[in-house]
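Only one chain is shown below, in structure tokens, and it's the form predicted on its own.
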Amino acid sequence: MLRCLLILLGMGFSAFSCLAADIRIAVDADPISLDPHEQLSEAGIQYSHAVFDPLVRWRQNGTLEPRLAQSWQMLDANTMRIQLRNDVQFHSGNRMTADDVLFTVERLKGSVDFKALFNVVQNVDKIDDYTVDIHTTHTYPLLLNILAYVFVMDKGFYEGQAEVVKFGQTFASSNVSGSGPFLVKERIAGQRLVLQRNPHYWDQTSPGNVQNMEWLPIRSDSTRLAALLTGDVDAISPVAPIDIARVQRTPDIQLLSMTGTRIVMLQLNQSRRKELQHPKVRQAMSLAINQSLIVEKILRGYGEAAGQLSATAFAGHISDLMPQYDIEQAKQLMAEAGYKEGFRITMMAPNNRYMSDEKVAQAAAAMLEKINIKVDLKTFPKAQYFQLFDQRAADVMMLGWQSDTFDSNNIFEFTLACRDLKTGLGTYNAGEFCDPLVEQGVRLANREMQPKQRERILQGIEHHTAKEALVIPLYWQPIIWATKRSVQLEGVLNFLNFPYWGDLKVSEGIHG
């Protein structure tokens, strides 16, 4: 009872439950940095929702709700006015104002990973301390969607040392002042991230009762599960398909599984290898990989075999564009391309980023051998892998992409568009191709405000991508967590796999 009283006094009588809880979470990899703008990744956004706040955020039903933006309206086709909350305090003690929003958006436009999302923003005007106008370079149907990635930063804390360097050592990569529900208490990269409840958090209606949260990166699926089963941690993600049945049989553990829209693909580098410039070779490789078998045998049915990049929920999805497997046709195409005897390529994949990623890569490599393509496969931990990915260090590279705007064109502009260092388009195009039809489609879709016409444009890109086998889609990855039954994660987990940690409730006392 004394602890409960102290917590209530410390929190200014916030909406916390008296059963304040501590929680430990084991994940496959930790965020690479404390800088929310350094890498556009699932782990990074999950961290950002704990330590920072966005202008808006996704509800579980797919709509957007206000956060630091209290309200918004379109003033004209290219201008959105946003009214900000006036009761937000950063961890440094500084008050949040319009100046912080201007600072944040400008910083996002300079981030290698985020600039493609924000290059549509021409400028942001300060109207008063709590009102801003966002001006776009053209009509843009997804402006509100991208505001879910504006995690507002403390200008007074970061100014003068705000550079964004991917995988670099900067002030922002190791120092933090957000406005979110948790403060960073300790971080040892690759070992743990310890967060403590923010006693001055603006959202006094939050039902969350977690006082301390510790994230532990555990690469091994079996070790991660063992930590949960022995009580060393309270929640884990992901859960390996081979372990799901065991989790379901364990009385005090619950499994949370949601349909995901993250597409896992193989990218074929046309710049590194002339063989991969031949459409028939790429088509043969696509036909040689049995996506359905990968999902059935390796993922144990968790996941959905993919013949395209757009998930069912996206406007670009084509209902009859299914994965195709035909080894004989693949051999014929290789012969027609002049490569009946095959060739040798290099492939790289992560081994702790996507569900069973190493095993999937091994299976894909074995399947390609059947059409005489010998694969030299290397796998790496996530942190090392994505540095190699940015260097385009292999002929074939694995990538998973979760649409940041819950829209097909986000996938296209990051993974298919011509690479442009200035705009950020094509940042994750490790195929290093530049297709004019894709480029034109991406540009048109980013301007088209009529939903049906926009759908036709997006489906045109999807059809062209499949026809040319520009990439090889593998599967859509589900969202799978396992937790103690006391952890009410289902109430805060959304379809992008971004739990809203500040609202998390644990129904029993402090973690032991």
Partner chain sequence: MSLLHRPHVSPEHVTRVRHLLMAIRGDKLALFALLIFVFYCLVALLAPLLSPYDVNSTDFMDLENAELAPYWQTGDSRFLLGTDTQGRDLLSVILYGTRLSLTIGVCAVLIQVLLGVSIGLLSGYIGGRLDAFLMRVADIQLSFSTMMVAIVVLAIFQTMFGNAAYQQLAMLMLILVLGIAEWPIFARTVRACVFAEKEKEYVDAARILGVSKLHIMLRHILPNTVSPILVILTIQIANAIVAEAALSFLGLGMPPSQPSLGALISSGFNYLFSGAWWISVFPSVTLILLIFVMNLLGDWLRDHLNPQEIRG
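From a predicted model like this one, the values you see are computed outputs, not experimental measurements. Numbering follows the first chain given and starts at 1.
In what follows, reference is made to the form predicted in complex with the partner chain, a form of this protein that is not presented.
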Would you classify Q362 as touching the partner chain in the predicted complex, given a 4.5 Å non-hydrogen atom cut-off? yes
Using heavy atoms and a 4.5 Å limit, would one call D133 a contact residue for the partner chain in the predicted complex? no
Are any of the heavy atoms in D243 no more than 4.5 Å from a heavy atom of the partner chain in the predicted complex? yes
How about L144 - does it come within 4.5 Å of the partner chain in the predicted complex, if we only consider non-hydrogen atoms? no
With a 4.5 Å heavy atom cut-off to the partner chain in the predicted complex, the contacting stretch among 245-253, 96-104, 155-163, 80-88 is 245-253
As a check of understanding, the residue in D129, D125, E369, E336 with any heavy atom within 4.5 Å of the partner chain in the predicted complex should be identified as E369
Counting non-hydrogen atoms within 4.5 angstroms of the partner chain in the predicted complex, say which of L276, M265, I294, L183 makes the cut. I294
With the partner left out here, which residues of 369-401 have a non-hydrogen atom within 4.5 Å of the partner chain in the predicted complex? E369, K370, L377, K378, T379, F380, Q384, L388
